[in-house]
Ligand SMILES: Cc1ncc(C[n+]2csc(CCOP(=O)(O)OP(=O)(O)O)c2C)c(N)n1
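One chain is shown next in structure tokens, namely the form predicted alone.
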Amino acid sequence: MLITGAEIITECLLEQGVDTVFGYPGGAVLNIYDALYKYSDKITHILTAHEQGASHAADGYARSTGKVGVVIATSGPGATNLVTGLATAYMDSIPMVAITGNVTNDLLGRDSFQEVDITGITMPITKHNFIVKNIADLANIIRRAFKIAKSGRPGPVLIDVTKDVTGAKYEYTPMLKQEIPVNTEICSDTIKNIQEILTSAKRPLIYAGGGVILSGADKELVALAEKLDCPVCCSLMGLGGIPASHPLFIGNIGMHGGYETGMATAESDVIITIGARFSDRVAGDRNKFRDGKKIVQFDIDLAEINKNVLIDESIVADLKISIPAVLNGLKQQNHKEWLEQIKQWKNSVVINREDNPEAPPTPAHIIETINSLTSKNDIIVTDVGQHQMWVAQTYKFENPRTFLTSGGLGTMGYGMGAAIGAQTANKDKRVVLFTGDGSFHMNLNELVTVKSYNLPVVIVVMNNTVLGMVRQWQKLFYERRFSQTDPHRATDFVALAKAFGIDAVSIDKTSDVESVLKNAFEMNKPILVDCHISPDANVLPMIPPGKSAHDIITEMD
């Protein structure tokens, strides 16, 4: 077939199984958008209000499905507007392919209109990137990009294509999508060493991260936990990797994990880390983190071994291969006393979350009510801040790929785009977005996208009128000098949503919570719920940065 470069792009997307792309048109990608017009019966294009929203939508699509998310943007500002979305995906190992246009070959390097070196800009925040200046290279580069995005530790890949390449014609030869090979070779001595460490443990703890979700190894994780009779805590990215209702699940780990998970981490004698990276929000004081214990790490990325915490033994392979290899021949363990100790820790510290019917509702009450109104397959998305941590602490995630949040980069403004991507990909599920008024001010322009495609997202704004998480740190560490965290904004979110054509309701007191939320969920259409909560609601417990579980804060004046 002799077709244009733009048509080669669309044909290659179809080869890779792509049925949905997100983006925003512009001069350098007009040829690509002309091809998408011709292929509109095969590829759905979701037009967002801003390229950053499109990048987060591709991310949400990928996280909720396990497929590669695709985003398209024009040159210059269109391409640079993808940067935060690419960095968000890179930090959380999300498979994405971003296709950007650029000026024609003869205009490169001349400071031409809307020209930017996007491959240079994105080199540190992509798994790989390409610039295509020759149409003969185009098809193979697209195929390579999808393979790179999905193989090993996933991540975003950017393809920058000059406009003359998209307009030129070239012979296109279709190819079948290639399966990504998985390395199944694991050293038998490593397996034996790990088995010996696990069977000798008296107080083992599994620390599961986002790698469990990415590799689809949730069943393998549960099997290992049950064989070891071992408690499991999850990082923010790992929530849903084991059902919250499972008796061995003890909660999320790290700065805002429970007291019991903090103490279990501190007092364990063996930590089995599965698909997690010992971030500073988990390890805190990295020296104390490993005191008196052995650490075993399962990961697909060799670069993660000994990067943050020194490891006693590691196994580098896909978790669906490595966990069964260690399970094979492992004897059933029993740690009844250890599990009972963790239960005692859990019961020893109770965070005060009392409700007053006439007072503003507590975040926990709102989240627990929504938990009761959703199914275990519905998808919860958050922005970043206090509401994100309250959701992680309170909502009961039963399945993988049902919790989408920016973990590594902590991107305020992530949520609306991600919710759009998740709802686009999962029409049979309800998507709920939890956001704060601070985060929502960064992405509320995407309300127009939600309405344009009539996506039945429930948008829950935890509206405390302040930048809550930063303000909480100012309370604790800056003697209550509230510098720029009380912005005195007068935004009426209900009126705003209605201006976009979206129904909206508000919750002002505890007695409103059940009835208002129930009515909101009965509407099978977009709706915003403005929840007026106290500006002094805090995320507790909290381990101060760089500290250990023994320094945990459980109450504040």
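Because the structure is predicted, anything quoted here is derived from the model rather than measured. Residues carry their position along the shown sequence, with the first being 1.
Form predicted together with the named molecule: not shown, discussed below.
Novice: In the predicted complex, does each of Q386, G438 and N464 have a heavy atom within 4.5 Å of the named molecule?
Specialist: Yes, each of Q386, G438 and N464 comes within 4.5 Å of the named molecule in the predicted complex.
Novice: Quick one: is M412 in contact with the named molecule in the predicted complex, heavy atoms, 4.5 Å cut-off?
Specialist: The answer is yes: M412 has a heavy atom within 4.5 Å of the named molecule.
Novice: Is it the case that I125, even though its partner is missing from this view, gets within 4.5 Å of the named molecule in the predicted complex, heavy atoms only?
Specialist: Outside the cut-off, so no.
Novice: May I ask you to state whether M469 is within 4.5 Å of the named molecule in the predicted complex, using heavy atom distances?
Specialist: Judged by the heavy-atom cut-off of 4.5 Å, M469 is in contact with the named molecule in the predicted complex.
Novice: Test of understanding: in the predicted complex, would M442 fall inside 4.5 Å of the named molecule by heavy atoms?
Specialist: Yes, M442 sits close enough to the named molecule in the predicted complex that at least one of its heavy atoms falls within 4.5 Å.
Novice: Using a 4.5 Å heavy atom cut-off, indicate which stretch of 364 to 372, 469 to 477, 204 to 212, 107 to 115 touches the named molecule in the predicted complex.
Specialist: Result of the contact check: 469 to 477.
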